[in-house]
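A single chain, nothing else alongside it, follows as structure tokens in the form predicted on its own.
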Amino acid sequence: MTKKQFFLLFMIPAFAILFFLAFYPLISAVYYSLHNWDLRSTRPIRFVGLQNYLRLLTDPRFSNALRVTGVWLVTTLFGSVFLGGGLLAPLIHDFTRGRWRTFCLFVFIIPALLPRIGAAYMWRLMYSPAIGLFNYFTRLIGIGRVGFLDNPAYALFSIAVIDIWQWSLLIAALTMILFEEVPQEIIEAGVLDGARRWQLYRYLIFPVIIPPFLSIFFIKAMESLRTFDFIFVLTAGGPGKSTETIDMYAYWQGIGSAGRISYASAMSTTMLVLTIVLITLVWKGLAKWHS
């Protein structure tokens, strides 16, 4: 069998399946976003052009969802990266050796292995005003009951704590693995020059691991933009609309209650474009900063 025949026999079917899985939902979303498919209506589906996109511009609920998504992205992304990669990883790397370091890596990975729905219900119990662990301590110090998930001022950040808990430990473990790849000669040269520990990380270690660390950063950024499960289980977008992200709003408009498939598809397509633009801008900015 020639190379060409091998390619045709094995690679083309694989590419066709991947193309179907990756692009068919996207093409369908764009197609329906340009039509008026409404599950509550018996009218035939017809082409409406950019009407759904123009409607988004004047929809205050969409503007609120966009703001909530931005707050969620910044809080969970920078909280996880700073806490895990910037604080926890250097501390554990400096104060543990051998089996203890391996044990820490194992423990840090466990939260990421937990099913997110199960983790959400676990934290829901801990946030409970009646039997929750956090309210036990708030009553103990005299603050009284706190509605972590019931108060619009706290709800989004209370859910963000769960996401940061799950991701910061994983990022810390991955960052510690990256630290092992830094040549010891560089660190020893810095020590001989009298650099302090934070200076070693700031000027020698982190610049070396920045390229692979950026991959972790962008994976977390994309995950934050698509978070749905935590918010759906804990608040379903409430109280009010204080935790309603674009994903959540698209769900309610599409299949949750309203049945406006085309309008929800327009939101999803808009979110995809915004994500691509944001990731591209951040990537170019970080690449320029690193160079």
Partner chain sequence: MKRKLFLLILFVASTLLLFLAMTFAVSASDRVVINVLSQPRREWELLEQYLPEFEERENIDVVIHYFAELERRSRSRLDAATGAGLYQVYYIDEANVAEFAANGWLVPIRDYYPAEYDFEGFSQPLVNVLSYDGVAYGAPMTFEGEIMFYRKDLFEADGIAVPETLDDYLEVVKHFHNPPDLYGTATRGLRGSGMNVWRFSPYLRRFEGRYLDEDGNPVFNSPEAVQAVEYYIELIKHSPSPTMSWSDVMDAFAAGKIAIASFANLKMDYLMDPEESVVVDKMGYAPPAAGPKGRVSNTSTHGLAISSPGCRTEEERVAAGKFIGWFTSKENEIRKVLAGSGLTNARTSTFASPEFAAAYPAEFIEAQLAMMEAQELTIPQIPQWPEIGDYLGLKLEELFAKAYVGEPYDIQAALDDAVRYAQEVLAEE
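In this text the structure is predicted, and so the values were computed from the model without any measurement. Numbering follows the first chain given and starts at 1.
Not on display, but discussed next: the form predicted in complex with its partner chain.
- Put simply, of I255, M222, L50, I27 only one has a heavy atom within 4.5 Å of its partner chain in the predicted bound form, and it is I255.
- Listed residues P211, G118, P183, P152 were compared with its partner chain in the predicted bound form; P152 is the one with a heavy atom within 4.5 Å.
- At the 4.5 Å threshold, heavy atoms of G238 reach its partner chain in the predicted bound form.
- For the chain shown alone, K288 is not a contact residue for its partner chain in the predicted bound form, no non-hydrogen atom being within 4.5 angstroms.
- Not displayed here, its partner chain is approached by L9 to within 4.5 Å at the level of heavy atoms in the predicted bound form.
- Using a 4.5 angstroms threshold between heavy atoms, R139 counts as touching its partner chain in the predicted bound form.
- If you check its partner chain in the predicted bound form, you find no heavy atom from any of R196, Y201 and M271 within 4.5 Å.
- Heavy atoms within 4.5 Å of its partner chain in the predicted bound form are found in one stretch of 82-90, 144-152, 98-106, 164-172, which is 144-152.
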